[in-house]
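One chain comes next, on its own, written out as structure tokens in the form predicted on its own.
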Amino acid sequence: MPKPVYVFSSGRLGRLANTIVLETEERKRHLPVEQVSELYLFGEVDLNKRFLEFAAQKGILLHFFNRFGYYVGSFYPREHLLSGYLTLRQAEHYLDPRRRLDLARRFVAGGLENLRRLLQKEAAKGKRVEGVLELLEKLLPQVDEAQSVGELMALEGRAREAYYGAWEELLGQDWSLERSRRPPKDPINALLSFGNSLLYTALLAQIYQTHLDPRIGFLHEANYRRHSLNLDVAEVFKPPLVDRLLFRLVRRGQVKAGHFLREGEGVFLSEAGRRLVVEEWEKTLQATYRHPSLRRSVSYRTTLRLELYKLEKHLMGETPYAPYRMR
């Protein structure tokens, strides 16, 4: 089965017959194209139009990150599964204020419910998060009462601010979180921004394997931003996938001072730090659990795809979308 390949070295990407060739100062690495679904490029990599044509022909997405680990964009080949019918249904739902608001409410409700479940697990371990849980209990019913996407975003922002405020209790004073993005001001912000970027790109890769158009989101505006649907779905999966991953990394003492660099006013993951997070992220996506409806083991990467299939059924009027609930 094709899988993502993460490239940290600098060098040149090329094609040799049906093989991707990564040439660095140290070695040449040959990657059979049928084994590659995406390329995550963290190093300074040269490539040419011929290689992009090859990637497009094989349906391989390329995700680019700058030297600080910032996600800067993706090469998203022409959709081979895109359905005109489903694109029209997406556009209809986006343009109809009632139907767009309904879907936006579902994404926000799914995200807040998973925050609540994550904190309930932490409370069971003795963490003092009652205040945030009470706030979430109060905000969740308000999601259904919100009359605009802007109102929903405000609700979600209020919940997240309180949730992030509890990270000092969850992880200790050294990992207290006051959100800052560009640039991240401290190690925990650097970890969270990088983890969220990995989720956004993982979802984009799964959208490519469906009939959905990534440019049309419902909670996030489908304006000049290239992709917004992956940001919508990410709201549901941040707590169970990204946040839990960061909690594990911190609590096991896997992240250390040497995994971060300070440059100017920002703090960034070093190459060793990015390698560590990527390795643990892949383990997270490959981990399996017994799916309650399918009654078989599925991975969390497959779960992302299943979530998109549920969204397709909602758009086609078959089954209302019910967001993934953290177990």
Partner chain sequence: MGDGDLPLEPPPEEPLTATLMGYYGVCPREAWLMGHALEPYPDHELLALGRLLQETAYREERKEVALPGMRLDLLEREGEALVVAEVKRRSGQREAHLLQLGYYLLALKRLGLEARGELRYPEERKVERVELTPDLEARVREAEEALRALLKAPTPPPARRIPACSGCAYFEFCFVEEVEDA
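It should be emphasised that the depicted structure is a prediction, and the values quoted were computed from it without experimental measurement. Residue numbers count along the first chain shown, from 1.
Unshown form predicted together with the partner chain; subsequent notes refer to it.
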Inset, instruction - Given the partner chain in the predicted bound form, answer whether the residues Leu16, Gln35 and Leu285 all have a heavy atom inside 4.5 Å of it. - result: no
Inset, instruction - Please check if Met316 has a heavy atom lying within 4.5 Å of any heavy atom of the partner chain in the predicted bound form. - result: yes
Legend entry - Arg305, heavy atom within 4.5 angstroms of the partner chain in the predicted bound form: yes
Legend entry - Contact flag, Val5 vs the partner chain in the predicted bound form, heavy atom cut 4.5 Å: no
Legend entry - 4.5 angstroms heavy atom contact with the partner chain in the predicted bound form for Gly264: no
Legend entry - Among the candidates Ile216, Ala162, Leu86, Val149, the residue which, in the predicted bound form, approaches the partner chain to within 4.5 Å (heavy atoms): Leu86
Inset, instruction - Among 70 to 78, 98 to 106, 130 to 138, 205 to 213, mark the stretch whose residues have heavy atoms within 4.5 Å of the partner chain in the predicted bound form. - result: 205 to 213
Inset, instruction - Between 310 to 327 and the partner chain in the predicted bound form, list the residues on our side with a heavy atom within 4.5 Å. - result: Lys310, Glu312, Lys313, Met316, Gly317, Glu318, Ala322, Pro323, Tyr324, Arg325, Arg327
